[in-house]
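Here's a solo chain for you in structure tokens, the form predicted alone.
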Amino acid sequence: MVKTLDSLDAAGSAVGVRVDINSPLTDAATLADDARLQAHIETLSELTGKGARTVVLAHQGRPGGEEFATLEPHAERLGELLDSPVEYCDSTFSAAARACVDDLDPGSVLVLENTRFYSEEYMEFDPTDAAETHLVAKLAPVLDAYVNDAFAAAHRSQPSLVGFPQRLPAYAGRVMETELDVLGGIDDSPEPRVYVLGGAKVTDSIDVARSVLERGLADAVLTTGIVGNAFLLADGVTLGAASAEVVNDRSPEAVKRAGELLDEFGHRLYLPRDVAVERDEERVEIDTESLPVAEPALDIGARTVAAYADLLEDAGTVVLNGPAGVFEDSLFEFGTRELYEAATRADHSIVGGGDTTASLRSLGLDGFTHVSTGGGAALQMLTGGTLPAAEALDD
């Protein structure tokens, strides 16, 4: 059983809190978006309000990448978002970092440096071995408890995520708690359940479709985007060379695997009735019966939106994973916007993380029951997989 903050007597304790504030950067010193920081404010505020000495652990970017940068701007922004003093330390587990933890006042926050500046943090370990890494072995002695609020990274098995629970009393933060409750409770959610699968990650979406159909979690799976194009091709629709090339570039096995699903679960799989292409700098919608065309399909059309919207509005639970088209282009945001707005009228609406969440922010959409903070972690739960970081918290 995973313990939550309700079980933690935090007053005066040094509490290590793993968060996921990996954010887009304008440059190495400027955050372009603070949405991930804001997600953790509830957990951090609760701990500081209880008088904890809160020590934040997080990563930013990947080694060698343009956004592999210091957490100093993150600490500065947290200082603006929290009603508590926030300090920054340019080390993670050195003697200087441990001294900063020891000197931290109750009710204050210390942001340690990017955990991925330490090479072992970018590797995956068995939890027992993770507990023996330098980061965990050095830092754990100056901490009294550990809180994992980094659901978005929970599908990883890195030292800061799975090592500390081997050495310290461990708890789920409010983000982690909510995500596990909502995504882990899909099988108890209101019926009928409708999944909308789109975006560019064709293989992942087909995995989700198979999982929820085999487990009886989905009464209907609506396909859109490149995922929808893969299923159309599998159903014998000739889209045109441009659309077929995009699907095959994403996943050479996509059409074959989509065809297998259609054979097994065709009565619960819904395919687009029309698509939208760009022609002479305008949006043109074409019924699937009138395909192929030379231009690539970039969105679903109005007929598909109308048919899908009826299913979504009557659903007990809607799970959205991936946009319906190239929503970044105003010509092709229609499908995503209309389907997402229809989903908000369902009894219960859940939005997967990653590109799906980005599309919500871009289009200014809200009103959902739950918007996940995690892309890969949410996908892992939707496909019935396990999350190493969440398992490490299990008492």
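Quantities reported herein were computed from a predicted structural model and do not represent experimental measurements. Position 1 is the first residue in the sequence shown; the rest follow in order.
What comes next is about the form predicted together with a small molecule, which does not appear here.
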Quick check for you: of 324-332, 40-48, 62-70, 360-368, which stretch puts a non-hydrogen atom within 4.5 Å of the small molecule in the model of the complex? 324-332
Answer with one of 112, 297, 130, 258: the residue that has a non-hydrogen atom within 4.5 Å of the small molecule in the model of the complex. 297
Work out which of 305, 152, 226, 218 lies within 4.5 Å of the small molecule in the model of the complex, going by heavy atoms. 226
Taking heavy atoms and a 4.5 Å cut-off, does residue 201 contact the small molecule in the model of the complex? yes
Non-hydrogen atom contact residue 349 with the small molecule in the model of the complex at 4.5 angstroms: no
Against the small molecule in the model of the complex, would residue 355 count as a contact residue? Criterion: heavy atoms within 4.5 Å. yes
